[in-house]
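Below sits a lone chain in structure tokens, taken as the form predicted on its own.
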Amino acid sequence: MTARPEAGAGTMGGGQPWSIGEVSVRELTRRHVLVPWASQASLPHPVIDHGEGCWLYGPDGNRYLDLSSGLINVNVGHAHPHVVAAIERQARRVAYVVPSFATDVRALLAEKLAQYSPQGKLTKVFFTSGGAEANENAVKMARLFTGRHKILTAYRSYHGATYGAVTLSGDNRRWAVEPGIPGVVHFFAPYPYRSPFRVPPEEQAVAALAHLEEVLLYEGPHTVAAMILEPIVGSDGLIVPPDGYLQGVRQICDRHGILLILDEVMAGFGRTGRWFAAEHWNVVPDMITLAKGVTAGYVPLGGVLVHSRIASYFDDHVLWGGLTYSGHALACAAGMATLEVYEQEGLIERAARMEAVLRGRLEELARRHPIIGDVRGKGLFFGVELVKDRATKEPWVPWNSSNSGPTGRLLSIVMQKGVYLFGRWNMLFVAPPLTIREDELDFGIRALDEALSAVEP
């Protein structure tokens, strides 16, 4: 006897439901799917049937507020009709052509990205399937352009899971695959809440820049092709740099002929209240790597947005990089439609306005819960850092520790209250879709409030 499929299990050609036999989607997933960054046996595998706006719905009728926009990528919310219609329309035209052919959607999307780049100075795009590939190819371009081989990157950083990108990353996700690629050197970037330089917040920028200069002294600036930084650190702590730091890095790079690559995979496309986070500090990088918000996660797409002086180099030098899905037509159609949603609904400006609302709600939480050591962010991109003791700033759980302990329990309680929240170690990431209403935000904050009360001593 065949069991009735769970609601929304999908359809094959002709509109027939996908058969899942006598087992559930959860059990099939457990049997046949490997989930990233986890030991597999104990995973709960919540089943999602569909999404709408800021909400995810399970086949059991439960719904969950998506308070972290998935993995901080579903910027326009779920099932936005304009993006869905564009995907359907393009799928009927052509979904894929080889990268050496031209399509209108790829050309138009590249033009639009160039227009929105800082000061309009990044003029060409190399399209990829996601952020890790974007960072890999940015490194390739930097090495080809400069003839140098070293890449400097921060310890608190994440740039993707491929061998090269995870080598660039600073947290424990790189340990299992080391030695990785050669030529990558890590340094300390500013962290105003818990300074690696043991100086107060107002001295962070100066100390961090002096440290960077010293690293270059020992490494030899003439050997360094590029520095790659997240303008606002994402999953490694949501750290907003102090004013002056990115400007100082830009000056150091210019002085030594080093390219500056800004990884805007998480921070870009309105997440911070600007098209790109670099705009908060009026910094023009040599390359921007992008993904996530460019399609709001509807179809995988990434890219390297390249300054005109670097793009022109490849007019008569071979660009030694290629991907089957570079400039995938269906993905580019989703990207164009997503950018149109940002424009037509004023979501970039809305995120900037909502910053005060979200900051206020989180700071009120901090006043009620001593476990909250710091609240920081820009736009609708905020981190909540949990501590055992505010005076000592001892983390609630150590950095690079497992999420299976107290953090896992906290996130599970939040989920039980109807809210999905992304968290790692002692950090919670409150980054809802840019379309979120205040009453929806309040629902999420109440759930977090109650969960914090449940786990506090």
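For every residue, the number given is its place in the sequence shown, counted from 1. All figures in this text were calculated on a predicted structure; none of them were measured in a lab.
Beyond the structure shown, there is the form predicted together with a small molecule, which is absent from this document and is the topic of what follows.
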{"property": "Candidate stretches 264-272, 175-183, 110-118, 93-101, one within 4.5 Å of the small molecule in the predicted bound form by heavy atom", "result": "264-272"}
{"property": "Of Pro241, Gly160, Gly327, Gly293, the one that lies within 4.5 Å of the small molecule in the predicted bound form (heavy atoms)", "result": "Gly160"}
{"property": "Residue (of Gly377, Gly373, Gly170, Gly130) lying close to the small molecule in the predicted bound form, criterion heavy atoms within 4.5 Å", "result": "Gly130"}
{"property": "Non-hydrogen atom contact Glu136 with the small molecule in the predicted bound form at 4.5 angstroms", "result": "no"}
{"property": "Non-hydrogen atom contact Glu230 with the small molecule in the predicted bound form at 4.5 angstroms", "result": "yes"}
